[in-house]
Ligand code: PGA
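One chain comes next, on its own, written out as structure tokens in the form predicted alone.
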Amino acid sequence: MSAAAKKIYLFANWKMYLNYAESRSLARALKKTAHDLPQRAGMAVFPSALAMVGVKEELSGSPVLLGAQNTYWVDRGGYTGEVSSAMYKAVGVRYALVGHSERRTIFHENNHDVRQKIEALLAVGITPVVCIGETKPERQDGSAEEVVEAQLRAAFTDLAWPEGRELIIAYEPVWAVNTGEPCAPEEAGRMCSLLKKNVAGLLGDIPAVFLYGGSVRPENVGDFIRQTDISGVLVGGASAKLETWSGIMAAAVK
């Protein structure tokens, strides 16, 4: 499918860059521009848990969907500081990031944690956005493919994927996140093609959507989306700035 025909996913992970008021302000601005996106382009924003309800109020009536940056796999209980998938579902969350490189590297989440979160999200009807990627040392020693394949197996082996539920995987090489050094688009495309083959072996003919994340800018987003097996982007810090994110959106759908 050509870049001009395929559905495009524009996912904005605001991380911890915006406070409550700033999150509402950006959501209010995005609501004004979201209707200008072509029908084939879908946008979701991933605000902080604190700002989630306020952002939802600002986006009411717009096509922009809500995503959670993280989740916990138990519905409720004595888990201080956590927010469960069920709680996010109750406020209208459609997507949730799982296994983001910062969760893996900074907070030491492992493949088992990622799998539990995927199962909890599917149980309540939220679509996981499963993040996969290798570190710089793993890239340099030639084990990048082995690493991402192991992450995929841990996430999807013997998993019953619900019928009709989107399957979204974000390839985000850890060495490209927040560094200003993106993966070469052709290499990102090759890695997503590899992931596509592996997912087919694990889950069968369920159609999977692949996003790229890691130092995406208005100048390079089109090069990523033109890759055969990349259907969108997961953008971090740049998505928390209206001018930059607007530039990325415009370039992505050009």
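Computed from a predicted model, the values in this text were never measured in an experiment. Note that residue numbering follows the sequence shown and begins at 1.
There is another form of the same protein, the form predicted together with ligand PGA; it is not shown, and what comes next is about it.
J.: Name the single residue among 148, 176, 118, 93 that comes within 4.5 Å of ligand PGA in the predicted bound form, judging by heavy atoms.
T.: Only one option qualifies, and that one is 176.
J.: Just to confirm the contact call: exactly one of 148 to 156, 132 to 140, 176 to 184, 74 to 82 touches ligand PGA in the predicted bound form at a 4.5 Å heavy atom cutoff, so which is it?
T.: Heavy-atom contact with the partner occurs in 176 to 184.
J.: Does the 4.5 Å heavy atom contact test between residue 231 and ligand PGA in the predicted bound form come out positive?
T.: Residue 231 lies outside the contact set for ligand PGA.
J.: Taking any heavy atom pair closer than or equal to 4.5 Å as contact, tell me whether residue 45 reaches ligand PGA in the predicted bound form.
T.: No, no contact at 4.5 Å.
J.: Taking any heavy atom pair closer than or equal to 4.5 Å as contact, tell me whether residue 67 reaches ligand PGA in the predicted bound form.
T.: No, no contact at 4.5 Å.
J.: Going by a heavy atom distance of 4.5 Å, is residue 23 a contact of ligand PGA in the predicted bound form?
T.: Close contact is absent here: in the predicted bound form, residue 23 is far from ligand PGA, nothing within 4.5 Å, heavy atoms only.
J.: Even though the chain is shown alone, can you say which residues of 222 to 254 have a heavy atom within 4.5 Å of ligand PGA in the predicted bound form?
T.: Residues within 4.5 Å: 234, 235, 236, 237.
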